[in-house]
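Only one chain comes next, encoded as C-alpha coordinates, the form predicted on its own.
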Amino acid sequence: MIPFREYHTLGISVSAQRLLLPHSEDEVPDAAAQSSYVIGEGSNILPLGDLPSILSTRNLRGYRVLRASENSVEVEVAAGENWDRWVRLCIAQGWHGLENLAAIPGTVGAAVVQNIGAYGAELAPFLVSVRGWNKALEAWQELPAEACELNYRYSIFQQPEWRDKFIITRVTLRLNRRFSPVLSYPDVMQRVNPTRQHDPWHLYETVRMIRAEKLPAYGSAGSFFKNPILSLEELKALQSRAPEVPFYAQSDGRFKVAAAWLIDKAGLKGYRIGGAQVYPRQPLVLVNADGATPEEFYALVQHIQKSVYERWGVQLEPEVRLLPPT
(Lines give C-alpha, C1' and ligand atoms only; values in the text may rest on other atoms or scores of the structure.)
Protein backbone atom coordinates (compact mmCIF):
# COMPACT_ATOMS: atom_id res chain seq x y z
CA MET A 1 0.00 0.00 0.00
CA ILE A 2 1.15 3.53 -0.84
CA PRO A 3 0.38 6.60 1.34
CA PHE A 4 -2.13 8.66 -0.63
CA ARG A 5 -2.44 11.74 1.61
CA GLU A 6 -0.15 13.89 -0.57
CA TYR A 7 -2.02 13.02 -3.75
CA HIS A 8 -5.37 14.62 -2.91
CA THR A 9 -6.13 18.09 -1.60
CA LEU A 10 -8.32 17.04 1.35
CA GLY A 11 -5.21 15.50 2.90
CA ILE A 12 -6.96 12.53 4.52
CA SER A 13 -4.63 9.77 5.74
CA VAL A 14 -5.54 6.87 3.47
CA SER A 15 -3.50 4.52 1.29
CA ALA A 16 -3.74 3.23 -2.26
CA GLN A 17 -2.86 -0.27 -3.43
CA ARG A 18 -0.85 1.22 -6.30
CA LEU A 19 -0.27 4.69 -7.74
CA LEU A 20 0.40 4.81 -11.48
CA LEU A 21 1.93 8.05 -12.81
CA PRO A 22 2.48 7.87 -16.59
CA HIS A 23 4.77 10.57 -17.99
CA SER A 24 3.78 10.04 -21.64
CA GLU A 25 0.82 8.84 -23.67
CA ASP A 26 2.73 5.67 -24.53
CA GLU A 27 2.58 4.63 -20.88
CA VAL A 28 -1.16 5.26 -20.48
CA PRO A 29 -2.66 2.04 -21.92
CA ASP A 30 -0.62 -0.22 -19.61
CA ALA A 31 -1.28 2.00 -16.59
CA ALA A 32 -4.99 2.11 -17.41
CA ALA A 33 -5.18 -1.69 -17.50
CA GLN A 34 -3.82 -1.82 -13.95
CA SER A 35 -5.94 0.95 -12.43
CA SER A 36 -9.39 1.12 -10.85
CA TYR A 37 -9.70 4.91 -10.49
CA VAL A 38 -8.45 7.76 -12.67
CA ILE A 39 -7.67 11.17 -11.17
CA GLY A 40 -5.73 14.32 -11.97
CA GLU A 41 -4.27 16.18 -8.99
CA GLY A 42 -6.89 14.80 -6.61
CA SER A 43 -8.51 18.19 -6.03
CA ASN A 44 -12.07 16.97 -6.49
CA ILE A 45 -12.21 13.66 -4.64
CA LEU A 46 -13.16 12.38 -1.18
CA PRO A 47 -11.56 8.98 -0.42
CA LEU A 48 -13.91 6.95 1.75
CA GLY A 49 -11.14 4.61 2.91
CA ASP A 50 -8.04 2.86 1.59
CA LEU A 51 -8.24 2.71 -2.18
CA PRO A 52 -7.45 0.24 -4.97
CA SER A 53 -4.97 1.07 -7.75
CA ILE A 54 -5.10 4.67 -8.98
CA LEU A 55 -3.90 6.27 -12.21
CA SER A 56 -3.03 9.97 -11.99
CA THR A 57 -2.51 11.95 -15.21
CA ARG A 58 -0.69 14.79 -13.40
CA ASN A 59 2.62 14.08 -15.15
CA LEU A 60 1.29 14.43 -18.70
CA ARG A 61 2.61 17.87 -19.71
CA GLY A 62 3.09 20.14 -22.72
CA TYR A 63 1.10 22.03 -25.35
CA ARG A 64 1.22 23.00 -29.01
CA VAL A 65 -0.57 25.51 -31.21
CA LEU A 66 -2.59 23.74 -33.89
CA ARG A 67 -3.83 26.77 -35.82
CA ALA A 68 -4.21 30.49 -35.36
CA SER A 69 -6.17 33.29 -37.01
CA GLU A 70 -6.60 36.99 -36.39
CA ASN A 71 -9.39 36.35 -33.85
CA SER A 72 -8.65 32.96 -32.30
CA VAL A 73 -6.12 30.25 -31.63
CA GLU A 74 -6.56 26.49 -31.22
CA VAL A 75 -4.18 24.93 -28.74
CA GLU A 76 -3.73 21.29 -27.78
CA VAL A 77 -2.69 20.94 -24.14
CA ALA A 78 -1.76 17.85 -22.16
CA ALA A 79 -4.34 16.75 -19.61
CA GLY A 80 -1.91 16.84 -16.70
CA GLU A 81 -1.06 20.53 -16.96
CA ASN A 82 -2.07 22.42 -13.81
CA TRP A 83 -5.17 24.46 -14.63
CA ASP A 84 -4.22 27.74 -12.96
CA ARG A 85 -0.71 27.61 -14.42
CA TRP A 86 -2.31 27.04 -17.83
CA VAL A 87 -4.58 30.09 -17.41
CA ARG A 88 -1.55 32.24 -16.59
CA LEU A 89 0.34 30.92 -19.61
CA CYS A 90 -2.63 31.69 -21.87
CA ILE A 91 -2.81 35.30 -20.65
CA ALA A 92 0.94 35.70 -21.18
CA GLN A 93 0.55 34.40 -24.75
CA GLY A 94 -2.39 36.71 -25.48
CA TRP A 95 -4.96 33.89 -25.53
CA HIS A 96 -8.10 34.94 -23.70
CA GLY A 97 -11.40 33.73 -22.26
CA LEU A 98 -10.24 31.76 -19.22
CA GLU A 99 -9.43 34.66 -16.87
CA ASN A 100 -12.54 34.18 -14.71
CA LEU A 101 -11.53 30.56 -14.15
CA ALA A 102 -8.36 31.63 -12.31
CA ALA A 103 -7.11 29.65 -9.32
CA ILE A 104 -9.43 26.67 -9.78
CA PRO A 105 -7.44 23.69 -8.49
CA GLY A 106 -6.77 20.64 -10.62
CA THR A 107 -5.60 19.76 -14.10
CA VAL A 108 -6.73 20.62 -17.61
CA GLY A 109 -8.15 17.13 -18.12
CA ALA A 110 -10.14 17.30 -14.88
CA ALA A 111 -11.46 20.70 -15.95
CA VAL A 112 -13.21 18.99 -18.86
CA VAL A 113 -14.57 16.14 -16.73
CA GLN A 114 -16.17 18.66 -14.34
CA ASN A 115 -16.89 21.35 -16.97
CA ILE A 116 -15.51 23.85 -14.49
CA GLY A 117 -17.11 27.25 -14.16
CA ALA A 118 -16.79 30.29 -11.92
CA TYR A 119 -17.61 33.99 -11.76
CA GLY A 120 -19.66 34.13 -14.94
CA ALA A 121 -17.51 31.88 -17.14
CA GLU A 122 -17.38 28.19 -18.00
CA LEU A 123 -14.99 25.89 -19.84
CA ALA A 124 -17.59 24.54 -22.28
CA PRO A 125 -17.55 27.38 -24.88
CA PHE A 126 -13.81 26.94 -25.39
CA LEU A 127 -13.63 23.17 -25.77
CA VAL A 128 -12.98 21.82 -29.29
CA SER A 129 -12.15 18.17 -28.59
CA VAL A 130 -10.48 15.68 -26.25
CA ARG A 131 -8.18 12.77 -26.97
CA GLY A 132 -7.86 9.77 -24.70
CA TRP A 133 -7.45 6.05 -24.21
CA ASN A 134 -10.63 3.97 -24.08
CA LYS A 135 -9.99 0.99 -21.80
CA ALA A 136 -13.08 -0.87 -22.94
CA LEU A 137 -12.21 -0.58 -26.63
CA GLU A 138 -8.45 -0.72 -26.04
CA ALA A 139 -8.09 2.11 -28.52
CA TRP A 140 -7.31 5.81 -28.75
CA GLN A 141 -10.28 8.06 -29.42
CA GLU A 142 -10.74 11.72 -30.26
CA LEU A 143 -14.12 13.12 -29.23
CA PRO A 144 -15.49 16.47 -30.45
CA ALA A 145 -16.87 18.84 -27.85
CA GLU A 146 -20.48 17.92 -28.69
CA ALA A 147 -19.83 14.27 -27.83
CA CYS A 148 -18.64 15.30 -24.35
CA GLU A 149 -22.17 16.56 -23.56
CA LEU A 150 -20.97 19.39 -21.33
CA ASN A 151 -23.57 20.88 -19.02
CA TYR A 152 -23.56 22.53 -15.61
CA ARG A 153 -20.67 20.82 -13.76
CA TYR A 154 -21.24 17.78 -15.95
CA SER A 155 -19.68 15.83 -18.80
CA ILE A 156 -20.22 12.38 -20.26
CA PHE A 157 -17.03 11.29 -18.48
CA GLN A 158 -18.97 11.21 -15.22
CA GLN A 159 -21.20 8.44 -16.51
CA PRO A 160 -20.45 4.86 -15.36
CA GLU A 161 -19.64 3.67 -18.89
CA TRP A 162 -16.97 6.39 -19.25
CA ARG A 163 -15.73 7.15 -15.72
CA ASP A 164 -12.34 5.51 -15.07
CA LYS A 165 -12.64 3.86 -18.49
CA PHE A 166 -11.69 6.83 -20.69
CA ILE A 167 -8.41 8.46 -19.75
CA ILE A 168 -8.18 11.98 -21.18
CA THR A 169 -4.61 12.71 -22.28
CA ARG A 170 -5.00 15.83 -24.44
CA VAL A 171 -7.50 18.67 -24.66
CA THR A 172 -7.95 21.09 -27.57
CA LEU A 173 -9.23 24.57 -26.75
CA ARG A 174 -10.18 27.50 -28.98
CA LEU A 175 -9.26 30.77 -27.29
CA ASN A 176 -9.73 34.40 -28.25
CA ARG A 177 -6.94 36.66 -29.47
CA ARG A 178 -8.83 39.71 -28.21
CA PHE A 179 -9.61 40.24 -24.55
CA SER A 180 -13.25 40.88 -23.67
CA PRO A 181 -13.78 40.99 -19.88
CA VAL A 182 -16.65 39.03 -18.34
CA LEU A 183 -17.88 41.19 -15.47
CA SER A 184 -21.39 39.80 -15.02
CA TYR A 185 -20.72 38.23 -11.63
CA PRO A 186 -21.49 40.72 -8.82
CA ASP A 187 -18.33 40.03 -6.79
CA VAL A 188 -16.15 40.58 -9.85
CA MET A 189 -18.01 43.69 -10.97
CA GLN A 190 -17.62 45.26 -7.54
CA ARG A 191 -13.92 44.46 -7.21
CA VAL A 192 -12.57 45.25 -10.67
CA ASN A 193 -10.99 48.68 -11.02
CA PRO A 194 -12.95 50.44 -13.82
CA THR A 195 -9.73 52.00 -15.12
CA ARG A 196 -8.16 48.53 -15.51
CA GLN A 197 -11.14 46.42 -16.60
CA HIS A 198 -9.57 45.85 -20.02
CA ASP A 199 -6.40 44.43 -18.47
CA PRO A 200 -6.62 40.59 -18.44
CA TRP A 201 -4.03 40.32 -15.67
CA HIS A 202 -6.11 42.62 -13.46
CA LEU A 203 -9.20 40.45 -13.98
CA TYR A 204 -7.17 37.31 -13.28
CA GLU A 205 -5.71 38.73 -10.06
CA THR A 206 -9.12 40.03 -8.97
CA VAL A 207 -10.65 36.56 -9.30
CA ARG A 208 -7.69 35.02 -7.47
CA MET A 209 -8.19 37.49 -4.63
CA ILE A 210 -11.90 36.72 -4.35
CA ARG A 211 -11.24 32.98 -4.28
CA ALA A 212 -8.48 33.36 -1.68
CA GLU A 213 -10.91 35.13 0.64
CA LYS A 214 -13.46 32.33 0.38
CA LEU A 215 -11.30 29.20 0.22
CA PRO A 216 -8.76 27.78 2.66
CA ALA A 217 -5.18 27.46 1.50
CA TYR A 218 -5.20 23.68 2.05
CA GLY A 219 -7.34 20.80 3.26
CA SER A 220 -10.34 21.25 0.98
CA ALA A 221 -11.70 20.11 -2.38
CA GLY A 222 -13.19 23.49 -3.31
CA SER A 223 -16.96 23.77 -3.63
CA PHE A 224 -18.26 20.46 -2.31
CA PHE A 225 -21.88 20.62 -3.54
CA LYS A 226 -23.42 21.67 -6.83
CA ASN A 227 -25.83 24.59 -6.88
CA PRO A 228 -29.28 22.97 -7.28
CA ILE A 229 -31.07 23.55 -10.60
CA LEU A 230 -34.82 23.79 -9.98
CA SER A 231 -37.94 23.92 -12.11
CA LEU A 232 -40.28 26.88 -11.66
CA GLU A 233 -42.58 24.74 -9.50
CA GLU A 234 -39.67 23.61 -7.33
CA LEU A 235 -38.44 27.17 -6.97
CA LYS A 236 -41.88 28.38 -5.88
CA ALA A 237 -42.04 25.59 -3.31
CA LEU A 238 -38.64 26.65 -1.96
CA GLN A 239 -39.66 30.32 -1.91
CA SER A 240 -42.68 29.44 0.21
CA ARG A 241 -40.16 28.38 2.87
CA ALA A 242 -37.43 30.90 2.04
CA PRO A 243 -38.73 33.98 0.18
CA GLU A 244 -35.28 35.60 0.15
CA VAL A 245 -33.35 32.66 -1.38
CA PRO A 246 -30.96 33.82 -4.14
CA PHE A 247 -31.68 32.31 -7.56
CA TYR A 248 -30.52 32.80 -11.13
CA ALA A 249 -32.58 32.15 -14.25
CA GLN A 250 -31.07 29.62 -16.67
CA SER A 251 -31.39 29.53 -20.46
CA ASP A 252 -33.52 26.34 -20.32
CA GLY A 253 -36.20 27.95 -18.15
CA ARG A 254 -34.95 26.47 -14.90
CA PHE A 255 -33.37 28.29 -11.96
CA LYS A 256 -30.03 27.88 -10.19
CA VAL A 257 -30.18 28.29 -6.42
CA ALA A 258 -27.20 29.13 -4.21
CA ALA A 259 -26.22 25.99 -2.29
CA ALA A 260 -24.02 28.05 0.04
CA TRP A 261 -27.07 30.06 1.11
CA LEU A 262 -29.12 26.92 1.78
CA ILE A 263 -26.33 25.46 3.93
CA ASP A 264 -25.68 28.71 5.76
CA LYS A 265 -29.35 29.41 6.55
CA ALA A 266 -29.75 25.82 7.75
CA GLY A 267 -27.36 26.83 10.53
CA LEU A 268 -24.45 24.71 9.34
CA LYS A 269 -21.67 27.27 8.80
CA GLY A 270 -18.76 26.12 10.96
CA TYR A 271 -20.52 22.83 11.85
CA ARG A 272 -18.04 20.09 12.66
CA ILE A 273 -17.92 16.32 12.99
CA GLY A 274 -14.53 15.26 14.35
CA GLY A 275 -11.88 16.82 12.14
CA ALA A 276 -14.27 17.54 9.23
CA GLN A 277 -15.83 20.99 9.17
CA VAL A 278 -18.06 23.28 7.13
CA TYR A 279 -15.69 26.15 6.40
CA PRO A 280 -16.75 29.17 8.50
CA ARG A 281 -15.96 31.64 5.69
CA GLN A 282 -17.71 29.72 2.89
CA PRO A 283 -20.31 27.05 3.77
CA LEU A 284 -20.08 25.44 0.33
CA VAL A 285 -16.57 24.28 1.24
CA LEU A 286 -15.77 21.38 3.57
CA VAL A 287 -12.34 21.34 5.18
CA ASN A 288 -10.02 18.91 6.90
CA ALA A 289 -9.69 21.03 10.02
CA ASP A 290 -7.80 18.54 12.15
CA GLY A 291 -6.87 15.07 10.96
CA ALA A 292 -10.33 14.16 9.68
CA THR A 293 -11.06 10.53 8.88
CA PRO A 294 -13.01 9.35 5.84
CA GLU A 295 -15.85 8.34 8.16
CA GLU A 296 -16.04 11.84 9.68
CA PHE A 297 -16.11 13.50 6.27
CA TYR A 298 -18.80 11.19 4.98
CA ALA A 299 -20.88 11.73 8.11
CA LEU A 300 -20.59 15.49 7.62
CA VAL A 301 -21.67 15.22 3.97
CA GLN A 302 -24.72 13.17 4.93
CA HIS A 303 -25.62 15.51 7.78
CA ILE A 304 -25.55 18.53 5.47
CA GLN A 305 -27.70 16.81 2.85
CA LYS A 306 -30.21 15.65 5.47
CA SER A 307 -30.38 19.04 7.22
CA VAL A 308 -30.81 21.03 3.99
CA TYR A 309 -33.50 18.65 2.74
CA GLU A 310 -35.44 18.76 6.01
CA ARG A 311 -35.21 22.57 6.17
CA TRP A 312 -35.70 23.51 2.53
CA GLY A 313 -36.94 20.41 0.66
CA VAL A 314 -33.92 20.56 -1.67
CA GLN A 315 -31.55 17.65 -2.24
CA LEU A 316 -27.89 18.69 -2.51
CA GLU A 317 -25.70 16.72 -4.91
CA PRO A 318 -21.94 16.55 -4.30
CA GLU A 319 -19.71 18.11 -6.91
CA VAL A 320 -16.75 16.34 -5.32
CA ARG A 321 -16.41 12.69 -6.31
CA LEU A 322 -16.71 10.15 -3.47
CA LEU A 323 -14.29 7.23 -3.93
CA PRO A 324 -15.31 4.03 -2.10
CA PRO A 325 -12.58 1.55 -1.08
CA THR A 326 -13.78 -1.07 -3.58
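What you see is a predicted model; the values in this text were computed from it and never measured. All residue numbers are counted from 1 along the displayed sequence.
Not on display, but discussed next: the form predicted together with a small molecule.
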Is there a non-hydrogen atom of residue 117 within 4.5 angstroms of a non-hydrogen atom of the small molecule in the predicted bound form? yes
Please run the contact check for residue 294 against the small molecule in the predicted bound form: heavy atoms, 4.5 angstroms, yes or no? no
If you check in the predicted bound form, is residue 301 within 4.5 Å of the small molecule, heavy atoms only? no
Applying a 4.5 Å heavy atom distance criterion, does residue 64 contact the small molecule in the predicted bound form? no
The small molecule isn't shown here, but in the predicted bound form which of 202, 135, 226, 208 has a heavy atom within 4.5 Å of it? 226
Which among 173-181, 193-201, 145-153, 89-97 is in contact with the small molecule in the predicted bound form, heavy atoms within 4.5 angstroms? 145-153
Is the small molecule in the predicted bound form near all of 3, 21 and 49, within 4.5 Å of a heavy atom of each? no
